[in-house]
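Just so you know, structure 1 and structure 2 below are the same protein chain in two forms, each on its own as structure tokens.
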Structure 1
């Protein structure tokens, strides 16, 4: 069930099939994977939302959506995300499989044609994207960037990441900055789009119950016309373990302070110790039964929330909490105390069992939706892994207490970041 079939169909273009007869629809995604860079993040982030709005065959957005409705409500989507040191630009289409149409219409073929046309035959004017559409999408992207500032928890986490990983691609935003977006022109965006088609690694993903040979044949034919000179992607590398802790305090008009503690482990994606680090992170602060929740939040009432999360691509564990000013140092001390106890082996069998069960259940739910399946396997592909959700769950079940303690011992505090209120005059 949901096994990955992967093949290179052209230079740097891969077609990945995950078939599951339980689904009644098919999801087809084209991902462009490229290095995350400061000078290209903003312009690349603008491209997918421009492409999803239509193509030369459907230059009118209203007519395009009417056509999608006629295909049993097919849906086009776009996305931009950061995966380790990579920026991933995605265009997708989802629709019902041919066997479930009323008269056996070849919906899958048309969806494949549409997706290829959106990407390869966009609406242009004078050799560039339409100025009006570029301005609309620039405003949307700026709103996305500014929305982070309004959500102080998200802002604190992203700022801590930027400070902790200064000089690394991982420290950058996949959306760029407001000033970088404002400086974009239709010509610059089109130039970046052409570079994307030429140099990016392309991962095509098909998830569903239908015949994957249909989209593979159509996309292979359409993309064969591209003049490709693929730039090699560097392997994902771990964030280095620091020599000493850095402390940063930022003041802003906030009613509740936010604290983020960033820990480095020296691990990277695919390392044999990652499953143990997953379990360790859940025991530490991944569930309402975790040490941070039960002790720092509930027992000692030092914060409003306190959670830990692992990014396996860089081997980084971030603990973030919402805390009153007078409790900042107390909360930090107790968080470090809980980690120190884990390093000493203060971990019960029940804690291990609960953590493993929580993680295993999360892997089981991946099978429930095509999007979750597709996202899981894309992550596996980008980290050079091939195991299924079931196989990943088996790795977690095999983790021992000794493995967890050793994982905890790898963590070194890299950054202590506090976002707090302005000083009183």
Structure 2
């Protein structure tokens, strides 16, 4: 069930198939994987926003959307993400499978054609994207960058990442900055687009119940015309463990303070200690049975949420919580106390088996949603792994208490970030 079939169809272009007859739909994604860099982040981020809106066959965005409605509400998506030090630019299309249409008419071949045309046959004028379209999408991208502030929990987490990883690609926003977006021209964007087609690693993913040979044939044929000179991607590297902790407080008009504690471990994806670090993070703050939930929330009644999460690509563990200003120090000292206890081995066998079972449950649940399956395997591919969710789950059973204590011992406080109100209460 849901095994990955991976083949290189051309220089640096891979077609990944995950066939699963349980689903009623097909999802097709083309990911461009590039190094995340300050001077190209913004321009690359603009590209999928332009491409998603049409192609020469459907030059008009409204006519294009109407065509998609006619294909049973097929959805075109565009995405820009940061995965470790990589920037991943994606265009996707999702639709129901041929067997579920009202009169059995086929749609999958057309979805595959559309996706390849969106990417390879955009509307151009004088050898560049349409200036008006570029201006519209620049504004949309600027809105996306600015809107990060609207959700204070997300804002606090990404600000903490920026501060912790200053000078590293991972400290950059995958969207670039407002000023970088403002400076873009149709020519610069077109140049970056051509560079993307020529040099990026391309990962195509198919997840669904339909016949994968249809999209594979169409995409292979269309992409074969590309002149490729692939730039190899550097392997993902860990965030370095700092000498000392940094503290940053930001003031804003908010009613609840947000605190993020960032810890460095020196691990990176693929490291042998990653499964132990996963279990450690879950025991620390990953479930309603975790140390942070039971103590900071249930016992001390300080927070509604207080959770820990691991970014395996950088070996960073972040703890975040929403708390009253006057309780910030109390919460921080309890979080650090819980970690210190874990380093000393205060972990029960029951906590370990609960955490492992909870992770196994999450891995097995991945199989049940096309989006989750797709995201899981892309992550595996980018970290150079091919194991299935089941195989990842199996790795956890080998984790011992000693491994978990050792993982906890790797964690060093790197940053304390607090977002708080303007006036002292």
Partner chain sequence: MVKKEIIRNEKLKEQYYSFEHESGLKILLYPMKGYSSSYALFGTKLGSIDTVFKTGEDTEYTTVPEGVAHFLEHKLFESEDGDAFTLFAKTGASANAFTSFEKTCYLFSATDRFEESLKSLLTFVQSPYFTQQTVEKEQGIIGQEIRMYEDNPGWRVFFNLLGALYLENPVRIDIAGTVESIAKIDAELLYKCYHTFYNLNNMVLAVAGNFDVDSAVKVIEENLKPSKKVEVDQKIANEPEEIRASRTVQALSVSIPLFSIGFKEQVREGQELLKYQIASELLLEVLFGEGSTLYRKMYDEGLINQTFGYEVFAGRGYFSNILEGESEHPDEVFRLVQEEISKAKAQGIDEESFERCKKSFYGRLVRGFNNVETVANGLVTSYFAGVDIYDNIKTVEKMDLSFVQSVLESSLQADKAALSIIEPVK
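Numbering follows the first chain given and starts at 1. A quick note: this is a predicted structure, and the numbers were derived from the prediction, not measured. Only the largest set of C-alpha atoms that superpose within 1.5 Å between the two forms is called the rigid core.
In this pair, structure 1 matches the form predicted on its own, whereas the other structure does not. With the core held fixed, residue 29 shows a CA shift below 2 Å between the two structures. Annotation for residue 174: C-alpha shift under 2 angstroms between the two structures, rigid core superposed. With the core superposed, residue 349 shows a C-alpha displacement of at least 2 Å between the two structures. Superposing the rigid core and comparing between the two structures gives a CA shift of 2.6 Å at residue 154. Look at residue 304: with the core superposed, its C-alpha moves 5.7 Å between the two structures.
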